[in-house]
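Starting off, we have a lone chain in the form predicted on its own, written out as structure tokens.
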């Protein structure tokens, strides 16, 4: 009986460990190996050392993609960290009709990213709803190139990401606000603290750990953006391909029978390194503020 109990835990975790090893660990190790080769989809390739990484240093498309990712991060991080918290403070109040607004704010989250991006593409097209209304009221004489200008396309994709992510992070903040003791707010109110002071000195300290979690999630998502830019640019990456994200670049190099799997793997590892950077910075800031 004791002998059986000794192996029971391993039998229970065995399938999960096998799944992780086959579908997570081995692909990660294989990506590292492939990044040092000239592998193709239909061939093993040969060992090329650091050639793929040297190529990446001179890749102008990669430089543009990194700039796009940095802009995405710098805009999305503050907006999606602060706005969902303000929304959560609003919808947690017991106001008439607040259930409707909770549902409305969360609806974009459950919608398909591709479908939403297609709708936004129709709305922002040169002959779409926004340009049509602006032309009707006389605000513009020529269509605003939301989808054909490099920076306007990038900002349109960022707006889509922020709009779609508000509800998701709002729910995370709602769960955190539920753990902030109401007695603290009541005590602060009795001491004469205004609503703003209670927000700064009671609410924010109570949700600081959640803000760190949200910031990390936003950073990873912003640096790995794909669907928004891909659909809004119709898969072209914008004018001259300068609106590609790093993930779009990886997809471009790895697809088809003539794809460069070795170079795509090297870009994947570079993206991993770039993604870890903001996470470490956020953890350092949180530790300094503690």
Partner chain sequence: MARGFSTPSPAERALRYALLLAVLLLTVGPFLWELSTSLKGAGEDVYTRTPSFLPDRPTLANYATVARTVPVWTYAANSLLVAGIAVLGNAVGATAAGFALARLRFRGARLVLGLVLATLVLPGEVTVVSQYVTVRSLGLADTLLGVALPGAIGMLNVLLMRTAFRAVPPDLDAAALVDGANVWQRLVHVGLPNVRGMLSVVVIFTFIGAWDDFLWPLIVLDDPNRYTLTVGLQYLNGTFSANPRLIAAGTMIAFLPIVAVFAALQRSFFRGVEEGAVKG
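Superpose the two forms; the largest set of C-alphas matching within 1.5 Å is the rigid core. None of the values given here were measured: they were computed from a predicted structure. Numbering follows the first chain given and starts at 1.
Here the subject shifts to the form predicted in complex with the partner chain, a form of this protein not shown in this document.
Enquirer: Quick check on this chain: which one of 204, 74, 139, 104 has a heavy atom within 4.5 Å of the partner chain in the predicted bound form?
Expert: Contact with the partner chain in the predicted bound form is made by 104 alone.
Enquirer: Although the partner chain is absent from this view, report whether residue 255 comes within 4.5 Å of it in the predicted bound form, heavy atoms only.
Expert: Output for residue 255 is yes: heavy atoms within 4.5 Å of the partner chain.
Enquirer: So, in the predicted bound form, is residue 163 in contact with the partner chain at a 4.5 angstroms heavy atom limit?
Expert: Residue 163 belongs to the contact set for the partner chain.
Enquirer: Please tell me whether any heavy atom belonging to residue 234 falls inside 4.5 Å of a heavy atom of the partner chain, as the geometry stands in the predicted bound form.
Expert: Residue 234: contacts the partner chain in the predicted bound form.
Enquirer: Does residue 120 reach the partner chain in the predicted bound form if we count a contact as any heavy atom within 4.5 Å?
Expert: Yes, residue 120 is a contact residue.
Enquirer: Given a 4.5 Å distance limit between heavy atoms, list every residue of 25 to 44 close to the partner chain in the predicted bound form, or none if there are none.
Expert: Result: 25, 26, 27, 28, 30, 31, 34, 40, 41, 42, 43.
Enquirer: Does superposing the core leave residue 29 with a CA shift of 2 Å or more between this form and the one not shown?
Expert: No, residue 29 moves less than 2 Å.
Enquirer: Do you see a C-alpha shift of 2 Å or more at residue 44 between this form and the one not shown, with the core held fixed?
Expert: It does, since the residue 44 C-alpha is displaced 2 Å or more between this form and the one not shown after the core fit.
Enquirer: Does residue 273 shift between this form and the one not shown by 2 angstroms or more at the C-alpha, the core having been superposed?
Expert: No.
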